[in-house]
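The chain below stands alone and is given as structure tokens, in the form predicted on its own.
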Amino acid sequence: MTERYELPEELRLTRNLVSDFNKNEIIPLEQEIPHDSITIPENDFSRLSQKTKEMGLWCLAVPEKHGGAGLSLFANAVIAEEMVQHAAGLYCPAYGTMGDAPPEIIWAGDEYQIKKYGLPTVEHKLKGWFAITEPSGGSDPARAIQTHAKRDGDDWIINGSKLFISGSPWGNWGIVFARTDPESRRGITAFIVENDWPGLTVEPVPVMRAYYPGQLFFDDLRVPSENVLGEVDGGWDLLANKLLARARIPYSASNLGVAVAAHKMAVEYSKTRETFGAPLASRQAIQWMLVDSEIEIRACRWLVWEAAWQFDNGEDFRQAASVAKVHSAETLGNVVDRAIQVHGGMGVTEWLPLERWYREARIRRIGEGPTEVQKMVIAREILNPGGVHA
């Protein structure tokens, strides 16, 4: 008897539910709003959010005890592949109608922090973000973080700046990583701050996507000790192991999902578009583009799943997450590029989501750690398996 892996029935049903929701609710709505929209009308948001809550699709990654579905990272990766398959899906999946979860590490906080920041975010009363990258760099936070915090009585005073902070222009609160021990590369602490506190300025950073990031300026920002997340000088573990490496897995699943959507469009268009009296699909040049995309997508899916499985099983998943991130970002760019080529002039119009995906896909080789840095991580593990890396 030949064995094969199949997704659990409950997960398949949930995945199909999300797919139907996008096809019946989100994609038709996108025909009525501007091409680069990152939000939908409030009445539609309220209506669709209520629907996803009733379907059990609200904040799928958030633990059940905090109001979410509590699904595994693997289940979330499978569902994310479907959730992002619409125009704004890469950065605004379902326009937040399935919930905007807070930064995962807030659940490592104490009861006060969870109640004040985590739970209201799950309830869509607040929006959160996290800040690591600085003008000095982002891929090597142990060395690059220059924003510093000094103790002042029962408070901390933060000075410095952060750059390319996603979600910060629209957020209410965030988690800021600052250096608290200048003598140690890993002497970093996580602080919870609020957007409207005196001493914090958030300015937009115009980029090639509509969902633009922010630049943060800290000028004697006073933070109470009760807003220290975790231990003082203990932020490195939160940053490196519980935030960055983990985040690359759902990030990769989103890359995969949009690649799948673009590939589907290319396949369907090639069957209906005729040139010189025959469908594009009959041309070997087009067939080979479709084949290349199919191969890359299938390989990408297994790499994402492998990383998610390793995380859920408590294994060292960091190399697998980096492999998935590199491959998914490159796959996304390749597949969208081919899809545009198959569509010809139509592919670069705002009548289709392809040109938006093309712009946003370029960022994915930089976000969550550039491809070159991920390859360094992979190489270190190849050369020194299980070793301690600086």
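This structure is a prediction, so every number in the text was calculated from the model and none was measured. Note that residue numbering follows the sequence shown and begins at 1.
Another form, the form predicted in complex with a small molecule, is not on view; read the next lines as being about it.
For the small molecule in the predicted bound form, the listed stretch (348-356, 361-369, 38-46, 333-341) containing residues with heavy atoms inside 4.5 Å is 361-369.
In the predicted bound form, residue 213 approaches the small molecule with a heavy atom inside 4.5 Å. Proximity of residue 311 to the small molecule in the predicted bound form: non-hydrogen atoms within 4.5 Å are absent; the residue sits far from the partner. Contact check for residue 170: no non-hydrogen atom falls within 4.5 Å of the small molecule in the predicted bound form. Taking the partner from the other structure, the small molecule in the predicted bound form has a heavy atom within 4.5 Å of a heavy atom of residue 138. A heavy atom within 4.5 Å of the small molecule in the predicted bound form is found for exactly one of 186, 116, 124, 209: 209.
Proximity to the small molecule in the predicted bound form, defined as a heavy atom within 4.5 Å, holds among 164, 269, 305, 236 only for 164.
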